[in-house]
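First, one chain by itself: the form predicted on its own, in structure tokens.
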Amino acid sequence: MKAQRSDQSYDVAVCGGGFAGISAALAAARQGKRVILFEKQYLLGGLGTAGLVTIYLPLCDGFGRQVSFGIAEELLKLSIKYGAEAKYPENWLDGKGTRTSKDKRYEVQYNAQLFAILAEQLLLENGVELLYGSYVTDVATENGRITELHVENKSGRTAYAVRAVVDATGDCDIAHFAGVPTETFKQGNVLAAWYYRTSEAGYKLQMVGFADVPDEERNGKEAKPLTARRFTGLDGRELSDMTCLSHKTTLEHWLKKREADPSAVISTIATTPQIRMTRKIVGEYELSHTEEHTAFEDSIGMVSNWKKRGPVYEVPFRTLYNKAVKNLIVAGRCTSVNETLWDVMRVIPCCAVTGQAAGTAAAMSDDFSTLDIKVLQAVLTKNGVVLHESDLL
């Protein structure tokens, strides 16, 4: 089917409405640019809402220092605007108690549906155009630039003219379509079946199966997945199989819980496959897990390690793009890191940090290989981002 052409063009197109896409669209719009966000679901938040992975992991290093700021902190506070589900850190948000290695980290658990609505309102208030139920299925390129995004939704197939593109799909789809080098997650994802259960005891997130990196030992013990099958997350039939297995596992888990508590009911199940890592860009630089506490001149912000206290990573701007396609930048779990660090960089705070940087850069340039990093850093700093570990109090 031939694509019809939109009569609208955009300064910045953000592909994917997870936390990375939300952050990118918000940052670009705040720079006064015309921004459109394409999202395949009918709510924002990605795995953090539709996937029920509703834990906003730490903004701090676990030793009392906040390392992620700007939109990463703004969205955390937005997620609990009307109260947290759990993990409310009084020591960070209310200033009560201490922030030592034995105290609560700066993380929360939030309500998925409420956050999706609040994020939608925030983007609309800032002038972002949202197009739900929309898949980017292909791109047109010319002279090393993306000139059009081909989008399919209920209206059919439409070609949108764009100046700069942010790939926040989580699967690096846009980079893949554009011919940018990418890599896939070699280990494959394990089955997960998170859901919410309500009973007389209250409303509770059931984290059934969460070995994010299957071959990694946790607390000295090898993780035991729900099934031996692994999933790439990049095949339609496979994703359907995974969804059916997830539903079956959810039902079995709930039936067992109901034996002990007849008041227990399933209140919410995931409406998107709970895939963690799929495909990422081969960027101009690949950040390694061994580079904790390493200073980078082109840092666009910092992230911590949600799995353990201590490590801090400055994120080089070069991990967000490949100069093969000048006007494409990635955010979230699409960024250029080694496989070990991938499990750290895929989570919400990291998505927000890279999303803010990507959106800001896309508002400033359509050639990321020539963008003046000092100018970008100045804008990020003005908007609340702390760039270097040496700048922390």
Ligand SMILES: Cc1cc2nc3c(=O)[nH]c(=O)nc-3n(C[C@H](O)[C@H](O)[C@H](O)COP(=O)(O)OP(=O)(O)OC[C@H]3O[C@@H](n4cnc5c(N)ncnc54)[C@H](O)[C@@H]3O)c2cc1C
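Computed from a predicted structure; not experimentally measured. Numbers follow the displayed sequence, beginning with 1.
Not on display, but discussed next: the form predicted together with the named molecule.
In the predicted bound form, the named molecule lies within 4.5 Å of some heavy atom of residue 194. For the chain shown alone, residue 178 is not a contact residue for the named molecule in the predicted bound form, no non-hydrogen atom being within 4.5 angstroms. Using a 4.5 Å cutoff between non-hydrogen atoms, residue 161 does not count as a contact of the named molecule in the predicted bound form.
Remark: residue 368 does not count among the residues lining the named molecule in the predicted bound form, judged by a heavy atom distance of 4.5 Å or less. Just one of 67, 53, 363, 337 comes within 4.5 Å of the named molecule in the predicted bound form, counting any heavy atom, and that one is 53. Here is the short version: of 347, 26, 36, 341, the single residue with a heavy atom within 4.5 Å of the named molecule in the predicted bound form is 347. Look at 27-35, 59-67, 40-48, 322-330: in the predicted bound form, residues with non-hydrogen atoms within 4.5 angstroms of the named molecule sit in 40-48.
Scanning 168-206 for heavy atoms within 4.5 Å of the named molecule in the predicted bound form gives 168, 169, 170, 173, 192, 194 in sequence order.
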